Ligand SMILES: NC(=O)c1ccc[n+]([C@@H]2O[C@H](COP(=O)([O-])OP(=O)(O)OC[C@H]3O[C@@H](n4cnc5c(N)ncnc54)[C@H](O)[C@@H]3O)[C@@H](O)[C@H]2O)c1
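First comes one chain, alone, set out as structure tokens in the form predicted on its own.
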Amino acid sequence: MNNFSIKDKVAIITGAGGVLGGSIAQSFVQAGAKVVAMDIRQENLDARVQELRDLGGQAIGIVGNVLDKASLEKAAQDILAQWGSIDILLNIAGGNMPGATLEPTQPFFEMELPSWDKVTNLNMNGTVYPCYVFGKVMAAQGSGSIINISSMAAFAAITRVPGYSAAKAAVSNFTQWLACEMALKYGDKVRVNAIAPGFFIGDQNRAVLINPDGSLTERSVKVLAKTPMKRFGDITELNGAVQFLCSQAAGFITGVVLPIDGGFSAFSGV
């Protein structure tokens, strides 16, 4: 079972102030990893780091902007000064926004282009930039594991979220490209993979999936009809897959985009 261990590994988690980043951060400190919680807002970090330390874990918080190379380089210097290595990078920062999400009857031509720019920039470049900065450290070490966040929207078209879909498709492609680049030039100990979560109810999509009275929206009914497990995922159900991909047990796995979706991506609906 030691092959599955991430104990004492230094793991950077971008977007650690959010729900998904927080859930993975908790699972990582409980598994003995040294967690660098990174978020663009200090107030998000203070509570998160205290929460992680209360669990008995080693954790530090660093304010960092995933779209600012200088900010990330400063973070890399601080992390190396404190812990000496960067073993794991989890690119969790991302998400969607209302202006880039179409209403059911709204045409594409009314979408707010500035919102499209923000969403595609955050999800695509917000993955590329940390890989560029922290991946360089891993290349120099000759070891490291990067996990990106793709989406069901990268597998097939999902209505109403054009910007998010385009960006996550780019993340999947970039994950595969970078995996090959790292392995070919820096050896088999530098790996790059992604997970593609299915449908989980969170703050960003709650209004789209759940009516004010608590009942399922029409969109939720369609999602569950195409999910063989017939339920939404629980955010904690992502943690084990991420830990596995970061461990030596996945030592021959790179360039994979792993669906965690209750069968959504496998089911034709028939």
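Start at 1 and count along the sequence shown; that's the residue number. The structure displayed is predicted, hence computed values, not measured ones.
There is another form of this protein, the form predicted together with this ligand, and it is not shown here; the text below is about that form.
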Legend entry - Close approach of Ser150 to this ligand in the predicted bound form, 4.5 Å, heavy atom: yes
Legend entry - 4.5 angstroms heavy atom contact with this ligand in the predicted bound form for Asn44: yes
Legend entry - Contact test in the predicted bound form: Val66 vs this ligand, heavy atoms, 4.5 Å: yes
Inset, instruction - Tell me, yes or no, whether Gly198 is in contact with this ligand in the predicted bound form, where a contact means a heavy atom of each within 4.5 Å. - result: yes
Inset, instruction - Decide if the three candidate residues Ala154, Phe174 and Pro259 all line this ligand in the predicted bound form, where lining means a heavy atom within 4.5 Å. - result: no
Inset, instruction - Work out which of the listed stretches, 142 to 150, 75 to 83, 183 to 191, 98 to 106, brings a heavy atom within 4.5 angstroms of this ligand in the predicted bound form. - result: 142 to 150
Inset, instruction - Consider the chain as shown here, without its partner, and state which of Gln30, Gln58, Thr217, Gln204 has a heavy atom within 4.5 Å of this ligand in the predicted bound form. - result: Gln204
Inset, instruction - Identify which of Ala241, Leu224, Ile40, Ile210 has a heavy atom within 4.5 Å of this ligand in the predicted bound form; exactly one of them does. - result: Ile40
Inset, instruction - May I ask you to list the residues of 154 to 169 that have any heavy atom within 4.5 angstroms of this ligand in the predicted bound form, in sequence order? - result: Tyr164, Lys168
